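Next up is one chain by itself, shown in structure tokens, the form predicted alone.
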């Protein structure tokens, strides 16, 4: 029997309980092990919940779970950063395997927790931290044994993708779609982590560190979100027979690496153009296997719970990959070299702005109260320097790379 200590009984925690209850006989038949949730950490043991808790042992004291010698695996789905770090560290130090869906704690403490698990000869698994229900980290780790991975790219945030899809397909305003996303539960009351790109950045940090086998930190990644996109941008992008996505990508070269999260304008024939609504997609390239693409639900109770339980099953079967999966490549950050063609819209323009951007303009799309241009091949750093020199804040313009 595999006894699980579950930390958190929110959306994902509830999904884990539901799947185990529904699939218990099949899981036991497949793994040869009965997976049992022995204790669950909650904030309030007396709270009324939408699942039957009579057969569940609830506690508001983590020590009850940590000190239970029968519990083999800690599953952490609290969503909190510092508490989850404390829980995971204590669990590994006490000899318990750990599975988490918490992208924030994996991203911030990736190296430390991976090294600790390796030192203790334990599993530290986090499939659900990237891509929700999409099984991508396990295949990525497997391919790293046979391939040098040179590139990882993807749509990693369902909230942003939902907003952009409805804006482009229905011509809706950003604020209107954001409100709908909040009502449907896709976006939080404070959506900044999603729309400003921080959630995507954390996921890229995890993917890039694994894929490139180098320590790609959050600070190593350039970041731009979607919160400044407006109806003018949507109209211009649609006229280009294109759509717009928030794309995360990291690439390895002979000299180093680049890593960036940014809005990207892609032709409607592009693969990523057909990844819509709250779905995610991730692709990576290996020198032997070529390009592999993964598509599915990027979030949600059952898809995320499914990913968590896939990790638990790997522990039950002993099929998880042993050792520290993080490499020791020493790569130089080459983000200053990132270049391409870009779309730029500035909300309030004047003669000084027109004069300054004229030298980089390939085509003027709109020149009135707002200025919208296509920019010739240029380094991204040069555009940022120009905008900073004009004293423009991020909220006063929208910049997107035009995909090759």
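Model, not experiment: these values are computed from the prediction. Numbering follows the first chain given and starts at 1.
If you look for the form predicted together with a further copy of the same chain, you will not find it shown, but the lines that follow are about it.
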(message) Only one of these stretches, 286-294, 185-193, 105-113, 67-75, has heavy atoms within 4.5 Å of a further copy of the same chain in the predicted complex; which one is it?
(response) 286-294
(message) Within 4.5 Å of a further copy of the same chain in the predicted complex - does that hold for a heavy atom of every one of 30, 134 and 319?
(response) yes
(message) Please identify the residue among 333, 227, 94, 310 with any heavy atom within 4.5 Å of a further copy of the same chain in the predicted complex.
(response) 310
(message) Quick check on this chain: which one of 144, 278, 214, 237 has a heavy atom within 4.5 Å of a further copy of the same chain in the predicted complex?
(response) 144
(request) Evaluate residue 270 for contact with a further copy of the same chain in the predicted complex, applying a 4.5 angstroms cut-off between non-hydrogen atoms, and reply yes or no. (result) yes
(message) Since only the chain is shown here, I'm wondering whether residue 302 would be in contact with a further copy of the same chain in the predicted complex (any heavy atom pair within 4.5 Å).
(response) yes
(message) Can you tell me whether residue 23 touches a further copy of the same chain? I mean in the predicted complex, with a 4.5 angstroms heavy atom cut-off.
(response) yes
(message) Please tell me whether any heavy atom belonging to residue 138 falls inside 4.5 Å of a heavy atom of a further copy of the same chain, as the geometry stands in the predicted complex.
(response) yes
